[in-house]
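Here we start with a single chain on its own, the form predicted on its own, put down as structure tokens.
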Amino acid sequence: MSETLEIRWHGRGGQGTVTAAKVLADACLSGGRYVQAFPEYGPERSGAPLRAYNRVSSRELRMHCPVLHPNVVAIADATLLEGVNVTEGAKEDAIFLVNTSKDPSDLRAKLKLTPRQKVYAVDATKIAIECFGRALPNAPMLGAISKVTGIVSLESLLEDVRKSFGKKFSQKIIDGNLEATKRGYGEVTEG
């Protein structure tokens, strides 16, 4: 990878979106890349819309501002499609990944994407509930990001999920998140 990949995450407070950006950065850093991960909060409360960002590059990163023209837009909560312009500033060939049970081709029309832009869907909330009993879509979203971008291998990502979540959670929750990450990787679909 010679150029910088920029990712903008859209989620709600309490969904693990900021954690997802940090775990992805750790996994890319472990792979020898330069990384940035940082949040942008509005009102700091559970359920409030928020953005988080990643920059990943093979070269040192000197830019320290929000991601304005993302290569990838990850939407952890599909309800944000109604009130947030998630396509704002996206590159002509951007990838959109949405946590939804809907068919990705339906999302293409809703988002008014250009022919070169790609849209993917993964039912990350359903996967999370089935794997560890909570509606936290971050682990399945990470697996799906790994699959659609190829930015980090699934193995590296799983190792960093294990490290990150191992600091805070029981082995049962860690195992559930690892399974959710694998399922996100395997169940993401393109529209």
Partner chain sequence: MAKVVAVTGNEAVANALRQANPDVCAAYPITPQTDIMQRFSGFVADGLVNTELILVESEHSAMSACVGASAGGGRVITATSSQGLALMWEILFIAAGDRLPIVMPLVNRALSAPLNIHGDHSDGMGARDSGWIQLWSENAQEAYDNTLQAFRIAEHMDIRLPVMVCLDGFIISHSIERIEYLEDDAVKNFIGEFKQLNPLLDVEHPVSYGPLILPDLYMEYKRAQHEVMTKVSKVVLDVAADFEKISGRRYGLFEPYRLDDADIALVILNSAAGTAKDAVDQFRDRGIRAGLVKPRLFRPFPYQEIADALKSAKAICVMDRADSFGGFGPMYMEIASAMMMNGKKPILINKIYGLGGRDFLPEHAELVLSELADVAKSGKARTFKEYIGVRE
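Residue numbers count along the first chain shown, from 1. From a predicted model like this one, the values you see are computed outputs, not experimental measurements. If you superpose the two forms and keep the largest set of C-alpha atoms that fall within 1.5 Å, you have the rigid core.
Below, we turn to the form predicted in complex with the partner chain, even though it does not appear here.
Of the heavy atoms in Ser146, none are within 4.5 Å of the partner chain in the predicted bound form. At least one heavy atom of Gly32 is located within 4.5 Å of the partner chain in the predicted bound form. Although the partner is absent here, Thr125 is not a contact residue: none of its heavy atoms lies within 4.5 angstroms of the partner chain in the predicted bound form. With a 4.5 Å cutoff on heavy atoms, Ile151 does not count as touching the partner chain in the predicted bound form; it lies far away.
Contact with the partner chain in the predicted bound form, judged as any non-hydrogen atom within 4.5 angstroms, is confined among 125 to 133, 138 to 146, 56 to 64, 151 to 159 to 56 to 64. Across the proposed site, Gln36, Tyr41 and Leu68 without exception bring a heavy atom within 4.5 Å of the partner chain in the predicted bound form. Although the partner chain is not shown here, in the predicted bound form the stretch 6 to 24 places heavy atoms of just one residue, Lys22, within 4.5 Å of it. Gly166 is not among the residues whose C-alpha shifts by 2 Å or more between the shown form and the other one once the rigid core is aligned; its shift stays under 2 Å. Once both forms are overlaid on the rigid core, the distance between the two CA positions of Ser30 between the shown form and the other one is 2 angstroms or more.
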